[in-house]
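Below sits a lone chain in structure tokens, taken as the form predicted on its own.
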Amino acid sequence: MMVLVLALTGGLYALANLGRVGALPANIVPFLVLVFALMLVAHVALRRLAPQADPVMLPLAALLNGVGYVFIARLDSQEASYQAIWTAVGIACFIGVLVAFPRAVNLERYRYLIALGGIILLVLPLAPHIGQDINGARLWVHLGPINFQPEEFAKIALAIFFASVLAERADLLATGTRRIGRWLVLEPRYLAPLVGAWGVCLLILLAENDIGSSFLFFTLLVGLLWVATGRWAYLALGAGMFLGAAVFALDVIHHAESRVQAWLHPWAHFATSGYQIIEGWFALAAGGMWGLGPGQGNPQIIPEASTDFIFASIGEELGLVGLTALLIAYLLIVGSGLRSAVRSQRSFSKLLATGLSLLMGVQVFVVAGGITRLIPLTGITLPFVSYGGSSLVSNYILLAILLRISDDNAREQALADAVVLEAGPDLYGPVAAASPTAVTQVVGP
């Protein structure tokens, strides 16, 4: 699969340059060597550190990373150089997570420290002198020569904390424990995580003008509450609370109001907030079914084409077929993550894999939905594809955790099978012989 990724990425890079200037890129050989070296390092590290992990997710992430790099290089060679550096940093962090946490359950031991780090990261853009306001939202932190978006890493920290807490409180949140007359209702204090998350989302929305991240964090918690308890009421309650906060924010934040107006009436705001959306439509329309061909379009006309609107840039040159292939790659990664969640025997690992998969899936939906005008634009980046070091590094960390959970599942299942084969049906009875999972629940991994 890695060889196929190398061939597809190298071929697309060559075609993009041929379409633009009519010649092969001068750096095609160094480019292929760099891509091969990075993929080889990541592949060998995964096979050594998590040999039984899902074999599909890393090649798919590498393919998305490669396609994103090709289109970033197509738009801006300087940004492409930075993206190559951040790819190397992302792979180094990917390997570092696999080394630091030989088992995913080890993350649960540091949940309060991780939660504190996530909260600090969330409020860091509000700090004077280092926080930066760009395009109406205060999302960036400037430390010397480095600019980054802290919420990209905070989302992983909060996913770990939410999964850990909900793994302990799932039963308390699923059933009523306080009696009012003849009825058993949920203890109010057990709803504190939901109410607290709603407050944090509202704070982020008001203080940083960050609609996308607040929606992402709140969706993460509500989704995990539903998975942990199985109660649909949390979905309805969460949707109502977020809708109320969003309506309130529209009266307070001009940035949010302009995004909604551009969504509802883009042609009325063609010269201002609607211009980006309309140019994205033109790009998708020009691409049609098969696209204009790599290097044949004009994606540079779209503002922020390599970040917020790289989905439209790809659609112009690869068409609906190319975008569908891109979405299928994301679907396979998210599906593999959810499969790891289903196979996990530990509540923490199950919820963490679900939360991380949900984060990636919601991000893709928000980006594609914003560009196609299904929902308002939010400024969230497309995982592994959009230009940006923060997004790329954080998504490689997310991928490493998912693969660690996948490897843990395979090792626990193999050990359970070994126990059954060694003990035979006489020790645990016919149920154990038929179900290795039953042995795992009795003797542990």
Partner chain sequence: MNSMNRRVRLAGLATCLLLVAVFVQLNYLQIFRAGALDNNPLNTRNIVLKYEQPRGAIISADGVTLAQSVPSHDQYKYQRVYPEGALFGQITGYYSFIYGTDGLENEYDAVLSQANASVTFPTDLQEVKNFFTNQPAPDNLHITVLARLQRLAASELAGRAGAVVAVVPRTGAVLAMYSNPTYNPTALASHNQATEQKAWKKLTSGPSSPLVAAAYRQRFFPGSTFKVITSSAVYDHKPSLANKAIPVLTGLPLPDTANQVLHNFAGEACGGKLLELFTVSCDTGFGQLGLDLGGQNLYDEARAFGWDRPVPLDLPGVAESFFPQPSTFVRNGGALAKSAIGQESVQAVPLTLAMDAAAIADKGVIMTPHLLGRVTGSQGQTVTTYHPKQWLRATSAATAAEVTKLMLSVVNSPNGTGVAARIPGVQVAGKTGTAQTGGPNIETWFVAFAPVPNPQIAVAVLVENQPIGTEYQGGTIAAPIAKAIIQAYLQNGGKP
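Residue numbers count along the first chain shown, from 1. What you see is a predicted model; the values in this text were computed from it and never measured.
Not pictured, yet referred to below: the form predicted in complex with its partner chain.
A.B. asks: At 4.5 Å by heavy atoms, is each residue in P55, L64 and P102 next to its partner chain in the predicted bound form?
C.D. replies: So, no: the whole triplet misses its partner chain.
A.B. asks: Counting only heavy atoms and a 4.5 Å cutoff, which of 152 to 160, 320 to 328, 94 to 102, 243 to 251 contacts its partner chain in the predicted bound form?
C.D. replies: Partner-contacting stretch among the options: 320 to 328.
A.B. asks: Heavy atom within 4.5 Å of its partner chain in the predicted bound form: which of V195, I301, I85, L126 fits that? Just give me the one.
C.D. replies: Of V195, I301, I85, L126, the residue with a heavy atom within 4.5 Å of its partner chain in the predicted bound form is I301.
A.B. asks: I need to confirm a contact call. Of G117, G274, G295, G238, which residue comes within 4.5 Å of its partner chain in the predicted bound form, counting heavy atoms only?
C.D. replies: It is G295.
A.B. asks: Report yes if any heavy atom of G230 sits within 4.5 Å of a heavy atom of its partner chain in the predicted bound form; otherwise report no.
C.D. replies: Output for G230 is yes: heavy atoms within 4.5 Å of its partner chain.
A.B. asks: So in the predicted bound form, is its partner chain close enough to E79 to count as touching (4.5 Å, heavy atoms)?
C.D. replies: Taking the distances in the predicted bound form, the answer for E79 is no, it never comes within 4.5 Å of its partner chain.
A.B. asks: With a cut-off of 4.5 Å between heavy atoms, is F311 one of the residues that contacts its partner chain in the predicted bound form?
C.D. replies: Heavy-atom contact with its partner chain at 4.5 Å: present for F311.
A.B. asks: Since only the chain is shown here, I'm wondering whether T372 would be in contact with its partner chain in the predicted bound form (any heavy atom pair within 4.5 Å).
C.D. replies: Result yes; T372 sits at the interface with its partner chain in the predicted bound form.
A.B. asks: Given a 4.5 Å distance limit between heavy atoms, list every residue of 259 to 289 close to its partner chain in the predicted bound form, or none if there are none.
C.D. replies: W267, F270, E279, W281, F282, A283, L284, A285, A286, G287, G288, M289, in sequence order.
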